[in-house]
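Starting off, we have a lone chain in the form predicted on its own, written out as structure tokens.
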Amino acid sequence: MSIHQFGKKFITLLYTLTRACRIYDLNNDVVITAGQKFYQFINSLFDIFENIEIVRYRDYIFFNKQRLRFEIEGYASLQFIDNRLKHLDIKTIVISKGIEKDEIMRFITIFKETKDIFMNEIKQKSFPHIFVEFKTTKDEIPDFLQNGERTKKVYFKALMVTKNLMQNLWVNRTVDVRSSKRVVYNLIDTLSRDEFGLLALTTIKNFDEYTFNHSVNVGILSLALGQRIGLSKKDLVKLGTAGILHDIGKVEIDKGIIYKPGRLSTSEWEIIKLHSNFGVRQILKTRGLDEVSLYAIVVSYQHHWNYNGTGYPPRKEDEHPIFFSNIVRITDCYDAMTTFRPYQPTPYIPPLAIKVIWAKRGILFDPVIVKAFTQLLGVYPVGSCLKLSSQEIGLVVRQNPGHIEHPIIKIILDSKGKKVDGHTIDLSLDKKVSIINPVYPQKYSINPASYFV
């Protein structure tokens, strides 16, 4: 078992025991069985780990410094424990060797209670093998996440490698596709630690380097979605590489068309559509071809195939896109809609892009993947600007797993329209403030990406 798998099982057993104690008394067979399983598993963990540490930080839960991902399997249990920790204001729980079943059961009986009861009982009763640290008003970064710059370095390294690869192809130099694969491994590892931080960086939209930015953003969004669905690391490497290389065929198209201001003519649009075919040729030209490259070839060709059989290039009736192509179809569309482009001077705001994709599920997009994508980004994705009932403007800085309509926001404009370094509000907890509507950041001269870089 990996640390992540140990953590998932720990959370599942904790969830089962806590729920059982909410319904039955301590002498009930259901509670006794759940308690025994949890106790036995904890003791088995002490053969591997010195202590068991659960940390909640910025809506992430870490088990012994490994972030536990919100995946379809085990989603309910992780969401339940996340909500418990949030409402009890718990930052850290450490369980040490020597704990007995009686101490576990005494802790569980207060863990299911209200915040006031829990805080009072944890101070009054003796828990020699359970240490609880409460959250303070200051947003304290755990020691193992102190180096936040690492996430930015990984993002910009991915951008540099992608840019070099495509620029070399533009001048007909031979390239090695394995460089993109190495970047994808780094992105996967970074997502495992800091999904929030890496997704936030996809708000970077460089008008002059759209092709490179877009390719990296699609790769990251595809990887995050693949992790949420529960893909293996081997499949994530295929998916992430395909996401980064999906538009590689554009290196064969005249830059005058790629960067043309204003609308494209019919003939120019037909040329643009050929990039799917050109992508196959470009990847076949690269060194280091392997199974990962083959998936990139297929996705490059299919990423404009729609769920209902329309799209380009033309296909036969019985031809259907592979699963990875359906994922990249959505992430490509989302990033393209939310980005300045020569023929799209006013991009969609993220909440509107999510609405459009949701409305087109079952038509352009696979409905199951759309649902997972919406759960991942939320109704108001990171980087969205929201007008609030307080007349302030808030920037969505984090999502709330399980509360996709109530993100965590930072106040960036006060009620008079003045830029401020405001406080952070969790809209799932603070009921005094509500969202009126999303707004265009350009109207207020706001660049959302500047708050994350």
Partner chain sequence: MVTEVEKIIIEMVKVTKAFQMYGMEHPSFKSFFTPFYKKITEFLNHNRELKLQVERFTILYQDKEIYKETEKELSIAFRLFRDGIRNIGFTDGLTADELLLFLDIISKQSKDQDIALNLWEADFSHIEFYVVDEEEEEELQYKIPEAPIENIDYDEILNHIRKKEKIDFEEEIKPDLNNTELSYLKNEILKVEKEPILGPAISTLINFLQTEQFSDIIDSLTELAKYSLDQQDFTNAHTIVVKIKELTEKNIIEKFENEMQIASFKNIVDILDEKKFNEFLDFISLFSKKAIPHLLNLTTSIKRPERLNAMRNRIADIAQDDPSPLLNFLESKNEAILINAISILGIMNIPASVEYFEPLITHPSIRVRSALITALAKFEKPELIAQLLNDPEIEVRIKALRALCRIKYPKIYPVLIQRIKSKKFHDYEFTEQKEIFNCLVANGDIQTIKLLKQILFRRLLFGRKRYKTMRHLAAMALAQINSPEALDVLNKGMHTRNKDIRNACQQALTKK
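Residue numbers count along the first chain shown, from 1. The term rigid core refers to the most C-alpha atoms you can superpose between the two forms while keeping them within 1.5 Å. None of these values were measured; they are calculated from a predicted model.
Just so you know, the form predicted in complex with the partner chain exists too; it's not on screen, but the next bit is about it.
- The putative spot formed by Asp247, Lys250 and His303 is not touched by the partner chain in the predicted bound form; no residue has a non-hydrogen atom within 4.5 angstroms of it.
- Although the partner is absent here, Glu103 lies well away from the partner chain in the predicted bound form, with no heavy atom inside 4.5 Å.
- Although the partner is absent here, Pro345 is a contact residue: one of its heavy atoms lies within 4.5 angstroms of the partner chain in the predicted bound form.
- Looking at Phe80, you'd find every heavy atom of it more than 4.5 angstroms from the partner chain in the predicted bound form.
- Under a 4.5 angstroms non-hydrogen atom cutoff, the partner chain in the predicted bound form lacks Thr16 among its neighbouring residues.
- Only one of the listed residues (Thr92, Thr109, Gln167, Asn186) places a non-hydrogen atom within 4.5 angstroms of the partner chain in the predicted bound form, and that residue is Asn186.
- Site annotation in the predicted bound form: the residue of Ile411, Ile32, Ile42, Ile404 reaching within 4.5 Å of the partner chain with a heavy atom is Ile404.
- None of 83-91, 232-240, 122-130, 254-262 except one has non-hydrogen atoms within 4.5 angstroms of the partner chain in the predicted bound form; the exception is 232-240.
- Using a 4.5 Å cut-off on any heavy atom, the residues of 371-392 that reach the partner chain in the predicted bound form are, in sequence order, Lys371, Thr374, Gln375, Val379.
- Put the two forms on the same core and the Cα of Ile110 is off by less than 2 Å between the shown form and the other one.
- After superposing the rigid core, the C-alpha of Lys371 moves by less than 2 Å between the shown form and the other one.
- Core-superposed comparison between the shown form and the other one: the Cα of Leu289 travels 2 Å or more.
- Distance between the C-alpha atoms of Ser325 and Arg178: longer by at least 3 Å in the predicted bound form than in the displayed form.
- Relative to this form, in the predicted bound form the C-alpha atoms of Val299 and Arg178 separate from one another by 3 angstroms or more.
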